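Listed next as structure tokens is one chain, alone, in the form predicted alone.
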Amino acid sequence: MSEVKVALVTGAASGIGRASAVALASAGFIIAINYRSKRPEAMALLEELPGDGHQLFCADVADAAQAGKLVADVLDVYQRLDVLVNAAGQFTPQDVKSDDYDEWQNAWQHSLQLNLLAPVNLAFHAAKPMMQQGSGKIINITSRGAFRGEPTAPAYGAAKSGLNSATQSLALALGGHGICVYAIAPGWTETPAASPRIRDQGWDDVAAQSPLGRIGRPSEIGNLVAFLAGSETDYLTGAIIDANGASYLRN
């Protein structure tokens, strides 16, 4: 089993995490499926994945201690870690006009802990065995909102922007050890978490933001994750890849 490459996917029970796990398993990886509370969904994914050796790992990655234990548990089972996909995240609504100060602080603390500190803590722990192996890939899922601003969720936008910056810093810090670090910044994607917000804004109106006239599919982001996890993408390390159907273009 130690000869087969292992990918740890956080937030794998649904959405982009789930799609990433499916794409990586289809590419031949063994998947360490992380979930926090959605055990039935995680079990359904486990039964669906092609290949053998996949396992479930329950952990709240926003908890620093649990994040470290998660990586340790994966190493105990597989004795290696080749890919880390930081897909766990949450959009935390905020309203500077109506929130009270406690609500404002709590939203910032929650969003920064889950959307920024959890990925960088996991990257810290994953980098240790990857350095010993002399190879590894860390793929962070960020957001189009890191560039265009999130007026109804400023903490989320700030956290994802910080994760983009951390991606580039870690790519520089770890490249000499054979570890590549990437970020994918999706736009609107039809996930269980995003779909209610898409409905609130109007499905057709959101789709019209892209010249393709549609919303992104989780499988498209998952396939991009599998591509970056492959053997021919090392020179893309440090890249922040926009995947938003040209709904937002950076200068």
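Just so it is clear, the structure is predicted and the values come from calculations on it, not from any experiment. For every residue, the number given is its place in the sequence shown, counted from 1.
The form predicted together with a small molecule exists for this protein as well; it is not shown, and the discussion that follows is about that form.
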Legend entry - Position in contact with the small molecule when the complex is considered in the predicted bound form, options P40, G51, P192, P211, heavy atoms within 4.5 Å: P192
Legend entry - One residue of I31, L45, A226, V61 in contact with the small molecule, assessed in the predicted bound form (non-hydrogen atom, 4.5 angstroms): V61
Legend entry - Non-hydrogen atom within 4.5 angstroms of the small molecule in the predicted bound form for each of K5, S135 and T167: no
Legend entry - Interface membership of S111, the small molecule in the predicted bound form, 4.5 Å heavy atom rule: no
Inset, instruction - Answer yes if any heavy atom of T237 is within 4.5 Å of a heavy atom of the small molecule in the predicted bound form; otherwise answer no. - result: no
Legend entry - Residue contact check: L24 to the small molecule in the predicted bound form, 4.5 Å heavy atom: no
Legend entry - Contact test in the predicted bound form: R36 vs the small molecule, heavy atoms, 4.5 Å: yes
Legend entry - Residue stretch of 87 to 95, 127 to 135, 72 to 80, 173 to 181 approaching the small molecule in the predicted bound form, non-hydrogen atom distance within 4.5 Å: 87 to 95
